[in-house]
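Just the one chain here, the form predicted on its own, laid out as structure tokens.
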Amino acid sequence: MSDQNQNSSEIHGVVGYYSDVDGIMNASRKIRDAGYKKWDAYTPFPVHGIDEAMGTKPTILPWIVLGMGLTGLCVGLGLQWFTNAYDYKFLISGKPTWSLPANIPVTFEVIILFSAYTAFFGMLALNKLPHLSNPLHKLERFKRVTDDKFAICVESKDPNFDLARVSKLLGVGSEHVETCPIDTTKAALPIWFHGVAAILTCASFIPLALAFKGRFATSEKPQYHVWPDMDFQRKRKTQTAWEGFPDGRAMRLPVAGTVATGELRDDFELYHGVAQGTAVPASVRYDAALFGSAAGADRPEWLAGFPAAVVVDEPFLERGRARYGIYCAVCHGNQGNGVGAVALRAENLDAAKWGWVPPKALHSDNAKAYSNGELFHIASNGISTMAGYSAQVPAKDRWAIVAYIRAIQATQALDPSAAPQDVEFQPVPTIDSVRVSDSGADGE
């Protein structure tokens, strides 16, 4: 070992400086071919192809990120399956307790969370960062690397390091070659830094203390708003008192004789299910005695067919099928047999002791005896323990539900003998079924 090599333990490495891209690319190939491993190239901007010139292998980081992304996929789906479909099953309107589409958004977010953190911290770990001190920063000439110079540093930790040989290799085509001494300065933090750190550490507990105070303490004073934003406005809120009006209320009653835009319901057939000009029952929730042929003289003149404002066609029936599936099937069942998910749950709980009335089978003789207007009123305002849906479903959609109910009644009355053996007969309602049912209602 030469005298130069004997002093290699006192230096960090040898640095060669180059003025252009071609120079550092050629030097990188020479160092690579010489078999050195502990070295790096420094450029003021990304240089295309320098990875190949240095012999740098592709990073394993993408595979690590892929593995953690797949882990996030399993964790996201598994957690939702465990909480919703296994540990705490919760039935909502007959929907399945577990389905893949409904759980994709949360799963996607968990994948992104796992992948992003893995990419960030994995990059730091693979690059052995953070590296708070580097002897190269002590070299005055090395500062030009962030501006217009290129440099290569071969570290003395390389097992093949030879000071003379490395200096000769870096000297070919370089502007300057110098050794970088080991940084022997102490890395102790200044005293003032410890004081500032202690103050900041104590101050970091203040928000937590305020949060606990706000959680458990009470106060008669209003909250202090640093940024009031829209918390305080020159307006009056609903259901509040205000001396600005004679009656002392902030809310105003509608002006007598006025109707809001789109709320003029002068079409009795469309909005009430009775013949035009007929008196509409004042009761919002109708008693069962008002319906059917047994209602007597108090029975309103219910509409037998459909209002002139609606056109009963295939799209109308399809609309009724969709609305029925959303609002009605949970109780009355998809086939109108009165065995929906809610009805089954009520039966299991013995809800009859609380006054629960089971939903009617829509293809029963009693339900078939109702006119279209009666069915519309029941769908709008409810009957017995059934609540009305006039607030949720527009009038035309309620008539579409009536049309679909007529289709269910007509198809359930068909002869099931043509159905295959061991297969439950579930005929599909069609537009012709509605027309047949409608003509039958008119004829009664």
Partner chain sequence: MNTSIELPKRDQVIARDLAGPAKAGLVIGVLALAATALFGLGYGDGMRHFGHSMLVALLFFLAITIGALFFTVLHHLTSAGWSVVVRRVAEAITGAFPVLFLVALGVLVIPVIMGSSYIYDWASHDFVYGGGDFPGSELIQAKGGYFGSLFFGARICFYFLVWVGLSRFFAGQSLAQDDDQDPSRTLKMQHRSGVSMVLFALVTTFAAFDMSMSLNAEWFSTMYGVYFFAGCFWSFLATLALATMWLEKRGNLKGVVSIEHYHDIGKLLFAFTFFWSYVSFSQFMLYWYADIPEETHWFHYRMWGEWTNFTLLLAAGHFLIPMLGLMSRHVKRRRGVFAAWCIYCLVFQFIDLYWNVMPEMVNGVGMGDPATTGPAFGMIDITAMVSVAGLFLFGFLNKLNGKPALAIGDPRLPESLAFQNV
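What you see is a predicted model; the values in this text were computed from it and never measured. Residue numbers count along the first chain shown, from 1.
Below, we refer to the form predicted in complex with its partner chain, which is not included among the displayed structures.
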statement: Counting only non-hydrogen atoms, the one stretch of 371-379, 386-394, 40-48, 403-411 within 4.5 angstroms of its partner chain in the model of the complex is 40-48
field: The single option of 108, 232, 88, 245 touching its partner chain in the model of the complex, heavy atom within 4.5 Å
entry: 108
statement: Exactly one of 185, 223, 134, 93 comes within 4.5 Å of its partner chain in the model of the complex through a heavy atom, and that residue is 93
- prompt: Any of the heavy atoms of residue 21 lying within 4.5 Å of its partner chain in the model of the complex?
  reply: yes
- prompt: So in the model of the complex, does residue 99 come within 4.5 Å of its partner chain, heavy atom to heavy atom?
  reply: yes
query: Does residue 104 make contact with its partner chain in the model of the complex, using a 4.5 Å heavy atom cut-off?
result: yes
- prompt: Wondering, does residue 60 line up within 4.5 Å of its partner chain in the model of the complex on heavy atoms?
  reply: no
